[in-house]
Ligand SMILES: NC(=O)c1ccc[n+]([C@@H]2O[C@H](COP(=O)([O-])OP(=O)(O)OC[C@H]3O[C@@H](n4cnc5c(N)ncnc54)[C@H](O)[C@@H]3O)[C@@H](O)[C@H]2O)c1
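In the block that follows, a single chain appears as structure tokens, in the form predicted on its own.
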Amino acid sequence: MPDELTGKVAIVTGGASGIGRGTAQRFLTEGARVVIADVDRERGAAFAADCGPNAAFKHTDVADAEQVRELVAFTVQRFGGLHIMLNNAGISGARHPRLLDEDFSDFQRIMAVNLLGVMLGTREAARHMAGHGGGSIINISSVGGIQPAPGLWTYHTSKASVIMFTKCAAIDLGEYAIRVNCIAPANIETPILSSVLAVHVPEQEKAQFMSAVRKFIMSRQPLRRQGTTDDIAEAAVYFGSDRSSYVSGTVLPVDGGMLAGTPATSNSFEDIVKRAKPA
């Protein structure tokens, strides 16, 4: 159904790249007016300008309560309301495969962006929506917040906390006709995975290494294709539209079936890396 979001105003945090950018583009295609919020001023402003008059950019650090408050006020002033809040901004942090080697030096920043940013975005959006007929708040978590795994210790913890907060907020805000739901992506082709896994790989080998990583991940999910930002945008449009008017407090994995289980034909990471190397 085209133009599902006509007449709606949305905020997309972390909207300058990756999932945020792809979803902002889809929201615009569906007829919404969108404020793109990001700490990357140059990229965000250029993206908004390319999108035309139905898009605007607001420099925002989601970990700063005052900046999030100003973001909502800017949106209401610019486009006359707020109906959809997509709390997408997130960071991964450094990867330490073993807990004994973890120094937690980036704990405060990861939790501030990934969790507090979602909490602030939800609160500020809800303060407007509560007095204006309700709305939809969509929080981006990760399958890493559902399926335990070592390595990104603080990241996984922050994403699990987003899921719990989403459910708590859905309970509290339902009386105002505010729906709060969560999307848990996996294996989506964005820069964040490369920034984590290829950090110690020589530049000339990064593309080859990441290709091997992608093949390994796909071998462990039932649907053998690469996830894209469009897949997340589809879920976000559903939650932002009236089709989900009776849905709140849910977590939707968009993961190629990864959480369902690993196929018997999956390969080991070592085997895939070996195949990726030139003869």
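The structure presented is a predicted model; accordingly, all values stated were derived computationally and were not measured. Position 1 is the first residue in the sequence shown; the rest follow in order.
If you look for the form predicted in complex with this ligand, you will not find it shown, but the lines that follow are about it.
Against this ligand in the predicted bound form, would Gln208 count as a contact residue? Criterion: heavy atoms within 4.5 Å.
Flag for Gln208 set to no.
At the 4.5 Å heavy atom threshold, is Gly121 in contact with this ligand in the predicted bound form?
Gly121: no, not in contact with this ligand in the predicted bound form.
Answer yes if any heavy atom of Gly18 is within 4.5 Å of a heavy atom of this ligand in the predicted bound form; otherwise answer no.
Yes - in the predicted bound form, heavy atoms of Gly18 and this ligand come within 4.5 Å of each other.
Partner contact for Gln147 in the predicted bound form: this ligand, 4.5 angstroms, heavy atom
Because no heavy atom of Gln147 falls inside 4.5 Å of this ligand in the predicted bound form, the answer is no.
Heavy atoms within 4.5 Å of this ligand in the predicted bound form: which stretch among 233-241, 59-67, 45-53, 27-35?
Of the stretches listed, the one contacting the partner is 59-67.
Find the only residue in Ile140, Ile84, Leu152, Ile110 having a heavy atom within 4.5 Å of this ligand in the predicted bound form.
So the residue touching this ligand in the predicted bound form, by this definition, is Ile140.
Only one of Ala130, Ala160, Ile91, Ala170 has a non-hydrogen atom within 4.5 angstroms of this ligand in the predicted bound form; which is it?
Going through each option in turn, the one that passes is Ile91.
Of 163-190, which residues get within 4.5 Å of this ligand in the predicted bound form if you count heavy atoms?
The stretch touches the partner through Pro185, Ala186, Asn187, Ile188, Thr190.
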